[in-house]
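Encoded as structure tokens, the following chain is the form predicted on its own, with no partner shown.
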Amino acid sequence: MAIEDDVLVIGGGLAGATAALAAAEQDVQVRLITHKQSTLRHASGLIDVLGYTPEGDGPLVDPFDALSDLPDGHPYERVGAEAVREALSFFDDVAGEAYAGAHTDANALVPTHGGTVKPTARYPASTAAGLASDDRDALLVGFETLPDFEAPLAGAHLEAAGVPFSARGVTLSFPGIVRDDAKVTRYAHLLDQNESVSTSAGETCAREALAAAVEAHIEGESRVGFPAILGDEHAAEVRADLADALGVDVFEVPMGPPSLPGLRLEDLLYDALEAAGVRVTSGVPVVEYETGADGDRIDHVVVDRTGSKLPHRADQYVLATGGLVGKGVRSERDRVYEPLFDCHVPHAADRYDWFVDDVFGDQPYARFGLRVDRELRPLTVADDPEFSNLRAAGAVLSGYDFAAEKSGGGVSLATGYVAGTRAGEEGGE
């Protein structure tokens, strides 16, 4: 006997979680199935709507000014600008005080760990004091045991980029951390729990020891930036304690994977899913599906739970399994394909046309994914919906290059919101 729901979302990243939350708003029974760990833990935690046009113009001040000029087939063109606004508002309600940026349509410029600035629409509150539009001088603090953040180099890059403030970096020893391969979660846990650490002055608490190590290096700066390791469950408390001790504003610089801001966003979304009554089934892959008699609708999918095949039936389905990186789209020598429902993925017949020699050029493979109609239903070669009750959202879609445009989070949010809302509306009929 199949497990029954009204809406079944496949994929547990930003697009999938948003789709499930949006569907649940329609008062239907929703289940989210996810196989592997969410890609959110590899994400920056920033919600980028559109930082650059497909032609490379930017950074854009107002991303909404550019949405109407996007080409046919771009995910934003499919859902429309108003849906993007609604999705952002939906996210703002879910995120609450954990995120900033809702007061304006303009992009914020957030410093990155490489010393560049990234245009983004919504950003964690922990990064707010570090915005590049702020003209206050900044001290960046790196640590000898955390080589992914070269604070002096990042400061020099920021100044070279023309930010309206002085940026200077120092590298220190992190109190209580001696292993150069310690995970970022170890730094966060030490500060979360305010563990006792040994310093030259004796035993003291980790937050106090860190503030003491940094204090001597402040030379008039009114804000201090740390790599994004300042706590997990008690991140706001850690940041506030450091700010009080140092007498300056404290901010985090988003880091590469694994990313604490990404993990915090994952926790935020999954707490919201639980509160909304969404049933989450994790650690199981979808391995098969069956259609109804006419082949137009998906009847059920089958998941593999440690060798046992379990059918899940729903009225509506949302596919949010990611792109090439997330393996929601796959490639072999002679084809590019979507592995769960074998939906059509447009691509050149000659594999040598899938890329260009310039590694920084406009790479065709970056846009591989599913073409969809305005209901976000995947289309066949003949432009007909693959299935009447399947929608797609997020990086599995074609028509955009999230890395070049800085649009990944926004597309996942907007298409997840629209796909989930429509699935919820039809699943409740």
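It should be emphasised that the depicted structure is a prediction, and the values quoted were computed from it without experimental measurement. When you see a residue number, it is the position in the sequence shown, counting from 1.
FYI, the form predicted in complex with a small molecule isn't displayed, but the following is about it.
The partner is absent here; in the model of the complex, the one residue of Val253, Val286, Leu273, Ala235 having a heavy atom within 4.5 Å of the small molecule is Val286. The listed set Gly130, Pro261, Gly322, Gly169 contains one residue whose heavy atoms approach the small molecule in the model of the complex to within 4.5 Å, identified as Gly322. With a 4.5 Å cutoff on heavy atoms, His189 does not count as touching the small molecule in the model of the complex; it lies far away. Among residues of the shown chain, Ala395 is one whose heavy atoms approach the small molecule to within 4.5 Å in the model of the complex.
Within this chain, Leu14 lines the site of the small molecule in the model of the complex, having a heavy atom no more than 4.5 Å away. Though the partner is left out of this view, Asn389 does not reach within 4.5 Å of the small molecule in the model of the complex, counting heavy atoms only. Segments offered: 136-144, 102-110, 223-231, 277-285. Contacting the small molecule in the model of the complex at heavy atom distances within 4.5 Å is 277-285.
Across the proposed site, Val7, Ala414 and Gly428 without exception lack any heavy atom within 4.5 Å of the small molecule in the model of the complex.
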